[in-house]
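Listed next as C-alpha cells is one chain, alone, in the form predicted alone.
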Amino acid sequence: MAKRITGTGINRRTLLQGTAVTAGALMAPNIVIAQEKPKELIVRAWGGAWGEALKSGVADGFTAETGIPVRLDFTEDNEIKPKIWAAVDQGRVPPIHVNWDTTTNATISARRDVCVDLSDLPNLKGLLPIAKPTGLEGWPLVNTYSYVYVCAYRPEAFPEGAPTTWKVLLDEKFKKRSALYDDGIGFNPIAVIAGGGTLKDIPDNMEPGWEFYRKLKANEPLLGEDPDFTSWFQNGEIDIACTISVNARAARESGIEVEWTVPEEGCKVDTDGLWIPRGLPENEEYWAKQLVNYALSKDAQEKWCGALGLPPVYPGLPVPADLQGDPAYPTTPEDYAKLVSIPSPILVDNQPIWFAKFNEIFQG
C-alpha cells in the first residue's frame, strides 16, 4: 500500500501474431514455443524514480529479448485493486497483465484467490528466502526486493549531525517542515515505539502511536506520496521526512543536499512484489509470466534494484557504491535485526485500521 503516484487506467489491448523467443532469462531457455504475442504487456507501476527504474531495468530488456512493448500503468495501487477483483469475479479480462504491488496489498489479493500461481517460474530457484511470501501457500506472488522507510533529512537543518530519534519531529522548529505518507504507511509501527511503546504492543496496543500522532499534528506535517517527497526536498519545503530511501536518493542524485539515517527507534523494512491476475487469455498469461520471470533474472535484478538502490532478492549482486555500509541497505541477518519488520499477515489484518486512525487524527 505504499503511496507512490496516481494516474489513469488503460483499456484492454488487441493482439498481434508472434512467436516465442529463445532467451536464458525467460521461462523456456533453448526451447521455442509458439505463442501468440500480445501487442503489449501492461504493468501497474509507481511513477517518478520507481517507474524509471522498472523501465530501464526490466521493461526495456524484456522488450529487447521478446519484441513485446511494456506499458507502465500508473493507476494508484488501491484504485486498481478493486478493478482487478471485479474483473476476476465477473469473468472479465483484467485491466493489466502484471501488478507491481506492495507485499501487503498483494497478500490481500492472494487471500482473495485472484492471483495466478507462479511456482513454475524457473528463476525462483536460488533466490534469497525473502522472495517467498509468508503466510500463503505456493507462489501467488514473488517479492522482488526489500526497502526501508528511512529518516531523510537536510544536513543544513541538522548542523550537529543526523537526528538520532524520531521524536525530533515534535520539535516546534520543524512545524510545517516535516513530512509523512498520507496514511502513515511506513511509520505507524515506529510511532508506537517513538510514543513510548514497544514492538510487543503491535498490533494490540497502538495507543502510544496514536498519542504521538496527536502531538505531531500540532506541527502540521506535510502528507503526501512518493513523488511529493522528492519535490519537497528539491524545493526546500521540508527538513525531515519518513520516506522510502529511493526518494531521498533520487533527490540527492538530482543535486539536492539530502541524507538519511536509522534513528534509535529503528525504521520499518518491507518488501514489494509482482503478481499476475487470473482471467487473462492463455497467451497473455504466458507472456506475463515470462515478464515476471525476466524481472527475477540476474541482469534485470542488478539493473532494476541498482537503479532503485534497494537490496535485490537475487543473491550475490554488488551493492551500489554510494550505499556501501548503509544501514538502510540490509544485506545480512544482523542488518535486518536493526530494523523493524512486521509480518505480512499482521499488516494485512491491521493496516486498514491504522490508516483509518491516522486519517481520523490528521484529517478529521
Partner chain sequence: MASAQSAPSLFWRLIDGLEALLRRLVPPKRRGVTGWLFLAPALLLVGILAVGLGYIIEYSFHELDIATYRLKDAYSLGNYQTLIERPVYRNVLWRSLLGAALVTAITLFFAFPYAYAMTRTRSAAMRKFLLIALFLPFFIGQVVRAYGWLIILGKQGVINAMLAGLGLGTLDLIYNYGAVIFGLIQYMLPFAVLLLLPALAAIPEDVEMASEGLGANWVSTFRHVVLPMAKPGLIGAGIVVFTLTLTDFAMPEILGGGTTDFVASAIYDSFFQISNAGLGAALSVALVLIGSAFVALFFSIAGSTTLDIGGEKK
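Computed from a predicted structure; not experimentally measured. Residue numbers count along the first chain shown, from 1.
Keep in mind that the form predicted together with its partner chain is missing from the display, and what follows is about it.
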query: D239 within 4.5 Å of its partner chain in the model of the complex, heavy atoms; finding: no
query: Interface membership of D89, its partner chain in the model of the complex, 4.5 Å heavy atom rule; finding: yes
query: Y294, heavy atom within 4.5 angstroms of its partner chain in the model of the complex; finding: no
query: Contact of K81 with its partner chain in the model of the complex (heavy atom, 4.5 Å); finding: yes
query: Among the candidates E253, E211, E265, E76, the residue which, in the model of the complex, approaches its partner chain to within 4.5 Å (heavy atoms); finding: E76
query: Interface stretch in the model of the complex with its partner chain - options 191-199, 256-264, 119-127, 231-239, non-hydrogen atom within 4.5 Å; finding: 231-239
query: Sequence-ordered residues of 331-364 touching its partner chain in the model of the complex, heavy atom within 4.5 Å; finding: V348, D349, Q351, P352, F355, A356, N359, E360, F362, Q363, G364
